[in-house]
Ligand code: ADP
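Read the single chain below, which is given as structure tokens and is the form predicted on its own.
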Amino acid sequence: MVILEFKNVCAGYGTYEILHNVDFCMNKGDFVGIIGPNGSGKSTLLKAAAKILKVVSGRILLKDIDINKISLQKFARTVAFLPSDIEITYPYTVKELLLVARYPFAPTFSNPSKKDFEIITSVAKQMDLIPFMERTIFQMSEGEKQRVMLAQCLVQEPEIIMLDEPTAHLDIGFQFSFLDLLKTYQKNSSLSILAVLHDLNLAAQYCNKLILLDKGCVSISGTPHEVLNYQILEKVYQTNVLVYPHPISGKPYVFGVPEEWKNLTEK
């Protein structure tokens, strides 16, 4: 079942168009990674999908409905968005931040319901956040903060979660633990995931589908094996790479090749 579809979408900022005639579809339960060089339009695509950036032309369909025809409150009941940089200036507790995420389901001026607290407790347990519920966000490490922000998205009970570079500020341990948590939650809830990822190897291991952007256009989309081809990557990223199967998963693993090693390698 197609849950999200881009149809000939152009988008940008003011008169500057960044995305050009983008077409792709995402099925329910997919983990789709958006990859590409800096400036290729990854975050722009995600913001357009999240209804943050209005498209110039074309259509974005959420379960066959144009997102422009969906109210923000109703949209937030289906889609959760985690931006790359989150600035929180007030010392909210973890519990307060999770409560805020229940706003799409709350009647105006009402207090949180019993169901709201049950959902928050359930997500907090799955994210291992129960010991931190009364701690302020300023008392958390970067990895813990990111886990709180993910939990905030999941508390919305979305069908799709959209993440912009969710592992960018995390060390290797937190990168894997974060994506493992996300993957586990996805398996248990049929969650669909659309994520901008800079790390091609993380994208290869966790995503079942990749969309490679180049200069605002879709260069290729498909499975990691189809997309992470060294000839395609060298053309798009303008650099030398080697691609070999991962020794455990068998999925593509990309190695960058410094210029001084170029003559030592054979593809």
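One-based numbering along the sequence shown. As the structure is a prediction and not an experimental result, all values here were calculated from the model.
What follows is about the form predicted in complex with the ligand, which we do not show.
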- Message: So the ligand isn't shown here. In the model of the complex, which residue out of G222, G58, G29, P37 has a non-hydrogen atom within 4.5 Å of it?
- Response: P37
- Message: Within 4.5 Å, heavy atoms only: does G41 come near the ligand in the model of the complex?
- Response: yes
- Message: Taking any heavy atom pair closer than or equal to 4.5 Å as contact, tell me whether Y244 reaches the ligand in the model of the complex.
- Response: no
- 4.5 Å heavy atom contact, I18 to the ligand in the model of the complex: yes
- Query: 202-210, 66-74, 234-242, 42-50: which one contacts the ligand in the model of the complex at 4.5 Å, heavy atom to heavy atom?
  - Reply: 42-50
